[in-house]
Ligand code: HEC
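So this first bit is one chain, no partners, the form predicted alone, shown in structure tokens.
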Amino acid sequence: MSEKHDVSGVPTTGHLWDDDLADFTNQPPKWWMLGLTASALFVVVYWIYYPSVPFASSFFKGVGGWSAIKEMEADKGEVDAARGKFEAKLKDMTPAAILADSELTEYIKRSGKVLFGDNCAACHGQNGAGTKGKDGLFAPILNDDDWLYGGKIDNIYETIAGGRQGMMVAHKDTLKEQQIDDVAKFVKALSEEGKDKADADPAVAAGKKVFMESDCTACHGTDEHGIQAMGSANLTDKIWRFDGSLEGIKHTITYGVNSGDPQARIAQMPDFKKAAKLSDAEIKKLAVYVYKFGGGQVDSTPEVAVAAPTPATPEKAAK
């Protein structure tokens, strides 16, 4: 039964605690009631304006005609409009000409991240740091200055567009086991000691003799620096595409790379124009993006004509 509070004189619901604490019957403040009413009206308007009630095979689409797809397409339209002037400009430019345009280069540095992430990061890592496999690098590092096929912008474009599949013959049938052991020690010394010291080291003289007299110089050169046109490795640095241990080097010499032997090293990069169905503009953007990782080589006389270079055929290995 309702009664008044002894101290305040305000009617209560009859719930009293310790004679001082009571449950009053006061109405909420007017501002609070107005806010509650406005909220209720807002819910009704929102319910009618936007899609809401589901039916058996459809739903109430709302009087406003809004949908998430329409909103996404409108946002995409704004992005496409902002990108349009850049995309139209780079379409007929060579990679070198794009690189010479600071505004376009900055645009590609920002927009190329998604393109690289979708097509390249799975093998080369999100930041071009390469990925490891059981026998060494599964995919080469892109942010250093070591390039099997050259690091100029047109070289990178050709690699992405045409793919690479290097080849090193297996020497298990042309060299004796001792010769393979000797040449592996010489190659290891080239990397660890440098060319000058390795050439003068009597401990690896037998391996140097085998290297010079066999077909090794045909691909790696008499200076052991490799030949970029062939994609053959520089043997005098400390960078190894595969296992750089003595046993690993012997394995590579014995079974080769992409030689067809079941134990051969495998090194292949797909043709992104055909395999990934990338447009020429997308490949040019990727080439510039990879170049800007920091390891690209400067061309003293960059080609700035509008025609893009002819892609390489897929006969060489990645990077």
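Keep in mind the model is a prediction, meaning the values are calculated, not measured. Start at 1 with the first residue shown and count on from there.
Below: the form predicted together with the ligand, not depicted.
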Inset, instruction - May I ask you to state whether residue 242 is within 4.5 Å of the ligand in the predicted bound form, using heavy atom distances? - result: yes
Legend entry - 4.5 Å heavy atom contact, residue 105 and the ligand in the predicted bound form: no
Legend entry - Contact test in the predicted bound form: residue 199 vs the ligand, heavy atoms, 4.5 Å: no
Inset, instruction - Answer for residue 150 alone: is it within 4.5 Å of the ligand in the predicted bound form, judged on heavy atom distances? - result: yes
Inset, instruction - Identify whether the ligand in the predicted bound form is within 4.5 Å of every residue in the set 189, 206 and 247, based on non-hydrogen atoms. - result: no
Inset, instruction - With the ligand left out here, work out from 106 to 114, 139 to 147, 93 to 101, 78 to 86 which stretch has heavy atoms within 4.5 Å of it in the predicted bound form. - result: 139 to 147
Inset, instruction - Name the single residue among 67, 26, 268, 279 that comes within 4.5 Å of the ligand in the predicted bound form, judging by heavy atoms. - result: 268
Legend entry - Contacts with the ligand in the predicted bound form, stretch 160 to 178 (heavy atom within 4.5 Å): 160, 164, 165, 166, 167, 168, 169, 171, 175
